[in-house]
Ligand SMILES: Cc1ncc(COP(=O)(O)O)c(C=O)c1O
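In the block that follows, a single chain appears as structure tokens, in the form predicted alone.
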Amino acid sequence: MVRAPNIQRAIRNQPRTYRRALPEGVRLIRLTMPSIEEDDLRAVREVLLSGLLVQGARVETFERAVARYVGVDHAVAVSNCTAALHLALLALGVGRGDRVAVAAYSWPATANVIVLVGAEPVFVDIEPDTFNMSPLALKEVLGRTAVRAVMPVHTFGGPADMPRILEIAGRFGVPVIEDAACALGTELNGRKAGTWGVIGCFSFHPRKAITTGEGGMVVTNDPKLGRKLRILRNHGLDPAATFPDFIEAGYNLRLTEFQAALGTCQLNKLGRIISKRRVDAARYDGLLKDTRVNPPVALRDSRHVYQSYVSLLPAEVAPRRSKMIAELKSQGIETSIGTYHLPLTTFYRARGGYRAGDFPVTDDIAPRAISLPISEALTREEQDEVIFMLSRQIE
């Protein structure tokens, strides 16, 4: 694995008193670190030296590898997961005047793509334990509002309750798109995330278990949707034509060859990386038992991949969360919020007139969630220090 810079290796060997006085900008315990190794560097270098850099054989190889891993017929590589979600909506014909049910607690891209196709997000509250879309709240929303699609999120790599969500969406004849950005390798009842709905969307951002820098993948078992996605991601080019023929007004959302080479190499490490994250998560769970911080919860019969390890602070500490995150950062421990209460962001609050109380579970969870460092590089000693310093912050 690529070694840390000399300054970080030196800091690692210093006593805790020195670590608390880290210079501005130096990170000792990172929120996450991608597992980039020599074989990844060789794969990228080989492509760069070839001069063949865009939408070629390596992209096709990466697509086939992801399709095989997830267990689907079609995988379409794109520039990022936002593009994947955007194209998923377009491929299903979602557009102006439509509504899409989406989790209230997520990264803004999940709702933004709905607006970008001319539709309107209809927010759905979450479960208090898994942080995923609540099936009961979804049932209530669909009972009063006609929607064209339902978009649950597998938040932080933990699966949403897909059997119940699919059953409810099916009653109303509504297709399901999975925002599985954080969930490559996540399973529920032995079935992988991204294969429950008609379309699944993955991310390869550096905070994910494996990375291509930026990058995304759309997966489906529907050949018509697979073809539509390929047309839209590449300028409207007919992927089956023997001579270039542009049959729609498409986008340029292609993945590069060197990203695909990196992704293929990274995919070979995914099992190892997930195993380490699950071990670290279990250890965090144990360390938090003696604190007032609650560990994350996964559904029964599921495999959580812990793209992020997001725990819950006591309610009375929530107003100090931002200060805590800044203080931990000054001590060499990088933490973050979980994700965003979308209806209360400036854009969606103004657009929909939302206010506190409209989504009571998200109201409670969003200000209390804190993401702790997790990566293959994280050591047991660093975990001990993270929990020690976090505990001091909430005393």
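All of these numbers come straight from a predicted model, not from anything done at the bench. Sequential numbering from 1, following the sequence displayed.
From this point on, the text means the form predicted together with the named molecule, which you will not see here.
The single contact residue among C182, A75, L255, I114, judged by any heavy atom lying within 4.5 Å of the named molecule in the model of the complex, is C182. N80 is the sole member of N80, T130, S311, T264 with a non-hydrogen atom lying within 4.5 angstroms of the named molecule in the model of the complex.
Interface residue remark: R303 is not counted as part of the site for the named molecule in the model of the complex, having no heavy atom within 4.5 Å. Taking non-hydrogen atoms only, S203 approaches the named molecule to within 4.5 angstroms in the model of the complex. Of the heavy atoms in T110, some are within 4.5 Å of the named molecule in the model of the complex.
Proximity of K208 to the named molecule in the model of the complex: non-hydrogen atoms within 4.5 Å are present. For the three residues L85, S106 and V153, a heavy atom within 4.5 Å of the named molecule turns up in the model of the complex in every case. Only one of 321-329, 208-216, 295-303, 94-102 lies within 4.5 Å of the named molecule in the model of the complex by heavy atoms, and it is 208-216.
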